[in-house]
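Just the one chain here, the form predicted alone, laid out as structure tokens.
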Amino acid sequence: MYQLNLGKLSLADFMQQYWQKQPLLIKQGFKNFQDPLSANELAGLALEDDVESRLVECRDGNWQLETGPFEDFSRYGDKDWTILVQAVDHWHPPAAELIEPFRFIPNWRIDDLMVSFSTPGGGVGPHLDQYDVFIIQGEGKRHWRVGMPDASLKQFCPHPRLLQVTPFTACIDVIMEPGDILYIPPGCPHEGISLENSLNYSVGFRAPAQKDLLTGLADYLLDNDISGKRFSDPDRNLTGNIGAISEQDLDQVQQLLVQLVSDRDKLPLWFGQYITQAKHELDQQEPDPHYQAEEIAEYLEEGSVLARLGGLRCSYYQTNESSDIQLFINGTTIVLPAEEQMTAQLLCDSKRIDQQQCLHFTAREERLLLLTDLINQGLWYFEE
């Protein structure tokens, strides 16, 4: 539906010259762009309990932030505020299509689609993020300034939950129009101010911090009762400094930790489960009653098409062509035989499985049973 237009740049050029290196303005990155949702639809999502939303406004230099769900927006007036809704791809299939052109980056790195609506003067102030983002301009116009990473920038909080930065020097200073795309790498300060009522779509990428990875690994070890090796020191020498921690002690502790995270039998299993867990609520609806495998087969053979639940994370890992495949879906692991790579690819790479691809699942009973289970969990569904 949406096709990324990089002009004279190829995707390989973009990755080599810009990805995590410098910001890029892509004029008319989506030609003839049409908004997949309206400001009213976005506001409707912000009324829902299960949807994460926030509203930022600035009146005479006084910043305020409120979190949803909201009841109405009439009291905010007609300027100087922005509403931001996270994970819109979970709730609005047409908007979710905006993520697809950016899947030249592996699935596990893609986070979600955030959509914002701003009145004239609306914005969240100058700030920087620690992840990559593509910002797509929808209806209206917005003035964007983007700078390069600068260690001299200082962070301040005009509101306890708004982390902004001091003024920065812009390398991109532009008024964006519908279909324009702005790529911003991590650590680049940026600020967008709406010139008129406008919509922006932000495709964000996951960049787990070491702290988060270690916390996730610790949770996995606890949940699976994995204690690993214990500290041992059969070659310890006698010392008179009983209060001291020696360099040799620290070396061995470090080695124990390194061995734990470098265990290639456990690492893929933990990471696959960790990275495919949903960060936001999924609009998961199980069919009632559940389908039988025979019903699924009949529908697929008649030409039905399947779609993946918005926001569902799927990845797989295979050591080599002869090893079993670890398929990770929404934080769970399914082990597939080595020859089922196409099954894993269809489930992980395809947001939509067409009629011909669906026949792959009816060709073997094991595939059909797997697909039936996923449909009955509400993770895949028949597309109307």
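For every residue, the number given is its place in the sequence shown, counted from 1. From a predicted model like this one, the values you see are computed outputs, not experimental measurements. Definition used throughout: the rigid core is the maximal C-alpha set that superposes within 1.5 Å between two forms.
There is another form of this protein, the form predicted in complex with a further copy of the same chain, and it is not shown here; the text below is about that form.
Within 4.5 Å of a further copy of the same chain in the predicted bound form, a heavy atom is found for every one of N107, D251 and L267. Checking E294, D233, E71, D173 for any heavy atom within 4.5 Å of a further copy of the same chain in the predicted bound form turns up a single hit: D233. This chain is drawn without a further copy of the same chain; in the predicted bound form, the residue among T319, T333, Q355, Q28 with a heavy atom within 4.5 Å of it is T319. a further copy of the same chain is not shown here, and in the predicted bound form it never comes within 4.5 Å of any heavy atom of C157. Although the partner is absent here, Y131 is a contact residue: one of its heavy atoms lies within 4.5 angstroms of a further copy of the same chain in the predicted bound form.
Looking at D78, you'd find every heavy atom of it more than 4.5 angstroms from a further copy of the same chain in the predicted bound form. In the predicted bound form, P93 stays away from a further copy of the same chain, with no heavy atom inside 4.5 Å. Between 174 to 182, 145 to 153, 280 to 288, 220 to 228, the stretch whose residues reach within 4.5 angstroms of a further copy of the same chain in the predicted bound form through a non-hydrogen atom is 220 to 228. Residues of 251 to 288 lying near a further copy of the same chain in the predicted bound form, listed in sequence order, are D251, V253, Q254, L256, L257, V258, Q259, L260, V261, S262, R264, L267, P268, W270, F271, G272, I275, the criterion being any heavy atom within 4.5 Å. After superposition on the rigid core, displacement of the C-alpha of E286 between this form and the one not shown stays below 2 Å. When the rigid core is held fixed, the Cα atom of Q254 travels 2 angstroms or more between this form and the one not shown.
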